[in-house]
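Single chain ahead, written as C-alpha cells, the form predicted alone.
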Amino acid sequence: MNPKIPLKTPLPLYKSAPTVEPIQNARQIYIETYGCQMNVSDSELMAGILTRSGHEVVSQLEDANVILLNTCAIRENAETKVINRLKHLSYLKRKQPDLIVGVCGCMAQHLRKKLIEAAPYVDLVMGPDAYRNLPMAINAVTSADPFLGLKLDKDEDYADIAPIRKDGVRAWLTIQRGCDKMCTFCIVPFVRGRERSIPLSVLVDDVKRLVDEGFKEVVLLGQTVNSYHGEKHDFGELLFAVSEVQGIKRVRFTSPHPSDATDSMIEAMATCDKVCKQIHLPLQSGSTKVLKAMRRTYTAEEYRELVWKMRDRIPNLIVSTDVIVGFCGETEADFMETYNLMAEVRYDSAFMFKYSSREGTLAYKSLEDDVSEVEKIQRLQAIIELQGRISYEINQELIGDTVEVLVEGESRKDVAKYQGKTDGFKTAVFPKADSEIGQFVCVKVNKATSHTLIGEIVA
C-alpha cells in the first residue's frame, strides 16, 4: 500500500495568506500518495490547504467522502498503478454515489485525457500548481464533466502554506519547484513547469518550526535541488544557513544535478557538522555519447572528476546514484562504459532502471527507442548484480564499526527491534534496549547485508 498521510496539528501560517474559498460543508478527505519524496511533500501541502479551509483529512479510506490520489508521472509503472487503483475505486463510487474521487499531481498534468477516458467517474483532475484551488474544486464538483485545474503557474511556490506533516523524525521541505534542465527522457519540466525557489529567510523559519514540531532531521527537496537560487543565495549558502538553526540535528538534500554541484555546496557538506556526508548524485549513463542524447549537460569524465573531487574534500562520503540502461542509441560499448564507471566509482547503492519511452518527452518526440527489450533486461540485470556485490562489500567493511543512528521506528521484520538511518542514509537494525524513537544512538555493526547494517546499541 502506498504511504498515507497521518496528521499533526497544523503549523501556523507565516505570511499573510490569500483568501480561502469558503466551504459549503466540511468533507472528510483521504489522500493517497504515489511516487517520490516530492509527492509526499505535496500531499502534506494539500493536507494543509484542505485543513485550513475547514475540511478534515483522515488517515483511513473508509472514513472519507473525498479520495484524492496524488500521483507521479516519472515512470510508466507508477501510472499503471494509479489506473488500476482508479478501477478499484469505481466499485466504491458505485456503492457511494456522493463519493468524490480526484487525481492530483504529475500524472493529472501529463495524462489528463487518458485519465478521463480510462476513469470517466473521476470528479476532479488537478495539476501540481493547482493545489491552492482544491477546496473550491471540491465544492464545484457536479455530476457532469470533471473539474479541471491544469494550468502551470511560474510564480506558484506555496511559500505561504503550512503543510501538515506526518508524524516522525524526518521532515521533507520543498525548497524549489519545477525544472529547467529538459533532459530528453524526463517529463518533469512539462508537468511541474519552470524552476522557482522559495526565499532563504522563509526556509530558515520553516526549519525553526520543524524543530519546534519535534523533527530531528530535515531533507531539502527539489527536482534539481542544488540549482536553488532564492533571494540571490545559492544552494551552498542555504545549507550553511539551515545548519545554523538551533535544534536541528541533521540536514540532507535530494536530488542534486551534477552540473550544479558548486564549490559552496561541497564546502558546506565538508565543514558543516549537521550536513550529512551523503549525496545521491544521478549518473544516468557512463557514456558521454548517451549523456549528450539525454541532454544531461555534463560528460562522463566531468562526472567522474566531480565524484573524486567530493571524495577528496569529504572523507568517507556516501554516494548513491540513478542509472538508466537501454536509452535510445545505446550500444553494447556505451553500456560497458556505464558498467565500468559504476565498478570504478563503487556506489554505496543505486536506483537502476531500463529505459521506457514516455509520451510527451523530447526523446519520445525525436529519438528512436531502438534497443530491444531483451537487451535492456540483460543490461539491467548485469548492473543490478554488479551493484549488489559492491554494496555488500562496502557494508562488510563496516562490521566492527560504531555508527550513529537516528531511531525511526520498529523493524518491519521484528517488533523487538528498532530501525533507523545512519548519517550516510544506511538502514541499521538493532534490539530496542532502552532507546526511543527520535533518539540518536550508537550502534556497533555486527553483521551486514547489501542493504542493511545489523548490530546492537553500545554506550
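From 1 onward, residues are counted along the sequence shown. Please read these numbers as outputs of a predicted model, since none were measured by experiment.
Separately, the form predicted in complex with ligand 5AD exists; it is not shown, and the next lines address it.
Asker: Applying a 4.5 Å heavy atom distance criterion, does K208 contact ligand 5AD in the predicted bound form?
Answerer: K208 lies outside the contact set for ligand 5AD.
Asker: T262 versus ligand 5AD, in the predicted bound form: is there a non-hydrogen atom within 4.5 Å?
Answerer: Heavy-atom contact with ligand 5AD at 4.5 Å: absent for T262.
Asker: Can C104 be called a contact residue for ligand 5AD in the predicted bound form at 4.5 Å between heavy atoms?
Answerer: Because no heavy atom of C104 falls inside 4.5 Å of ligand 5AD in the predicted bound form, the answer is no.
Asker: In the predicted bound form, is there a heavy atom of ligand 5AD that lies within 4.5 Å of any heavy atom of T338, even though the partner is absent here?
Answerer: Close contact is absent here: in the predicted bound form, T338 is far from ligand 5AD, nothing within 4.5 Å, heavy atoms only.
Asker: What is the one choice in F147, Y158, F353, Y298 with a heavy atom within 4.5 Å of ligand 5AD in the predicted bound form?
Answerer: Checked against the cut-off, the match is F353.
Asker: Let me know the one among E244, D322, D167, E213 whose heavy atoms come within 4.5 Å of ligand 5AD in the predicted bound form, would you?
Answerer: Contact check passes for D322.
Asker: When ligand 5AD is placed as it is in the predicted bound form, which of 338-346, 107-115, 132-140, 322-330 ends up with heavy atoms within 4.5 Å of it?
Answerer: Only one stretch qualifies here: 322-330.
Asker: Judged by heavy atom distances of 4.5 Å or less, which residues of 166-201 approach ligand 5AD in the predicted bound form?
Answerer: Result: F185, C186.
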